[in-house]
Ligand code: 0O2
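Next up is one chain by itself, shown in structure tokens, the form predicted on its own.
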């Protein structure tokens, strides 16, 4: 098969990966815009290289004429979550979407692989629009916690290095590390509410500070400069004290002041 033909075949997969990354990142933004916790921490994606496709086809005895049908992870999306519970929320989000259709799923979280690998895999059918029309592609979506992803990344690198002939002492170390990851995820789930409260508090404070700084910046355009400097100094004092209630009160008062100046400018 000519290199140019390979590029033509793989281009739609690159489009699918790019579109899905944008869509999943938009889900994160939607949660943040309403001040809610997002079950998705981060999203990445990739298209298999030609060499990886050839290697997998050879390993599985797949005729290259049918590789698009037989290889379901040419396009791959990886979704990283903080907690195991979040993984199942993301699975539910995917199943409820109308722009992708779930073809199959494998739960390696409840059914961990012998190697210690844990993740949730979903194969979806996804349509892309090309110059030649609509094309339905298979995309593999892997959903993992941060800890699972760390282990899987190391394991993948070692498998690539040793070509399925990993020394037993390294395999044992990986198995022990997989057990540690399992314990870590369980411990994080136990303190999940405390972690989320802390993160939400940080997000709320960051949003308040952003609102205050925007108002101060706008006041520089319409108010007396000395007055704005006093407001700015007061903000720094409150911020350094770390009292969130006082910061919220200051933000409300600053909002009212900004509204008065806007009203005056309309007269």
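Note that the coordinates shown come from a computational prediction; the quantities given were computed from them, not determined experimentally. Numbering follows the first chain given and starts at 1.
This protein has a second form, the form predicted in complex with the ligand, left out of what is shown; the following refers to that one.
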Checklist line | Interface segment, criterion being heavy atoms within 4.5 Å of the ligand in the model of the complex, picked from 185-193, 113-121, 95-103, 127-135 | finding: 113-121
Check: Of 237, 225, 33, 60, which one comes within 4.5 Å of the ligand in the model of the complex, counting heavy atoms only?
Finding: 60
Check: residue 108: heavy atom within 4.5 Å of the ligand in the model of the complex?
Finding: yes
Check: Would residue 140 show up as a contact with the ligand in the model of the complex if we use heavy atoms at 4.5 Å?
Finding: yes
Notebook entry, point to check: Can any non-hydrogen atom of residue 81 be found within 4.5 angstroms of the ligand in the model of the complex?
Noted result: no
Note to self: Taking the ligand as it sits in the model of the complex, is residue 86 near enough to touch it, meaning that at least one heavy atom pair lies within 4.5 angstroms?
What the structure shows: no
Next item on the list: Give, in sequence order, every residue of 128-163 that has a heavy atom within 4.5 Å of the ligand in the model of the complex, or say none if there are no such residues.
Entry: 140, 142, 151, 152, 155, 156, 159
